[in-house]
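One chain comes next, on its own, written as structure tokens: the form predicted on its own.
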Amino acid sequence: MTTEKKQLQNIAFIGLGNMGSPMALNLQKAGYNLTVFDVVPEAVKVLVAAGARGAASIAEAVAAADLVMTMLPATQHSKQVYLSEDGVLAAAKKGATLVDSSTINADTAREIAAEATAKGFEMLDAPVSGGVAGAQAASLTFIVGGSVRTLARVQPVLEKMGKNVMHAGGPGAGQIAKICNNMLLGILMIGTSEALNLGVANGLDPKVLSSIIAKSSGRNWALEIYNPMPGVMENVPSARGYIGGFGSQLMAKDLGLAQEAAQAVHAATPLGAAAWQLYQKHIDAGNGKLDFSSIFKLVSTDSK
């Protein structure tokens, strides 16, 4: 057992949703002493069945933790979990290291990090890329903001959940890099959907068209790994009615965060703004819980 693992052997994991649950399971499999908490009791039971210790509150979860990890839905949840009177900063033991892997507003990430530092904690913002499949396969990319020294101590733990750990800069930098990535991903998914729909509407076989684009200058991750058109690729959300994966409402949230960041620094993101509006329209049509590749449904419907 490495020195780093000894130092961070007791881990609290808060937030056991579609991403957090498989991430925590990978830490449990790696042999850490894991205590978990979620507001949904059934989510806690899954981890307890795998050998983790369940906690009835945040305070109980973090009381003995060397490392606290969180994976929460949105900015307001991170703020509440860390800054409330019975939250992480109030209950964690002295010297604990904190890692928030939620995707949230960068200013809030900096605010939480500043409060953590003032109370004597080291903290990283470490949102992830790779989706549910990456969480399950322990192949996530962690995009980290904060101290290089703190990251060096935490990296062996992160590597149990991901293949890539990348330092983006100081506090909040991980969040900025993540929303830049997801803004581009949302744009690519819409563009890929439009291209495939256009080809099919003109009589092309979508599998043939996908193969052609994959060997041409339009190739991209959405086309090759996560094709949005049903019937083209197996084992992706489009092959199972867009169930599972990364929800459209979460993509819209990230696109909204990108717009907030753009407005704050007066950066032009016209395609990002258009993508945000299209995902909002898609959600308004009742598709918020479907995978973000289901934007193909909007594109194909609007073209008729």
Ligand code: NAD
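Keep in mind the model is a prediction, meaning the values are calculated, not measured. We number the residues from 1 along the sequence you see.
In what follows, reference is made to the form predicted together with nicotinamide-adenine-dinucleotide (NAD), a form of this protein that is not presented.
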Of the candidate stretches 108-116, 188-196, 145-153, 78-86, the one with residues having heavy atoms within 4.5 Å of nicotinamide-adenine-dinucleotide (NAD) in the predicted complex is 78-86
Contact between R53 and nicotinamide-adenine-dinucleotide (NAD) in the predicted complex at 4.5 Å, heavy atoms?
no
Flag G131 as yes or no: does it have a non-hydrogen atom within 4.5 angstroms of any non-hydrogen atom of nicotinamide-adenine-dinucleotide (NAD) in the predicted complex?
yes
Report whether the minimum heavy atom distance between L16 and nicotinamide-adenine-dinucleotide (NAD) in the predicted complex is within 4.5 Å.
yes
Is there a heavy atom of V40 lying 4.5 Å or less from a heavy atom of nicotinamide-adenine-dinucleotide (NAD) in the predicted complex?
yes
Considering nicotinamide-adenine-dinucleotide (NAD) in the predicted complex, which of L124, L72, L158, A92 comes within 4.5 Å of it through any heavy atom?
L72
Heavy atoms within 4.5 Å of nicotinamide-adenine-dinucleotide (NAD) in the predicted complex is the criterion; list the residues of 203-229 that meet it.
none
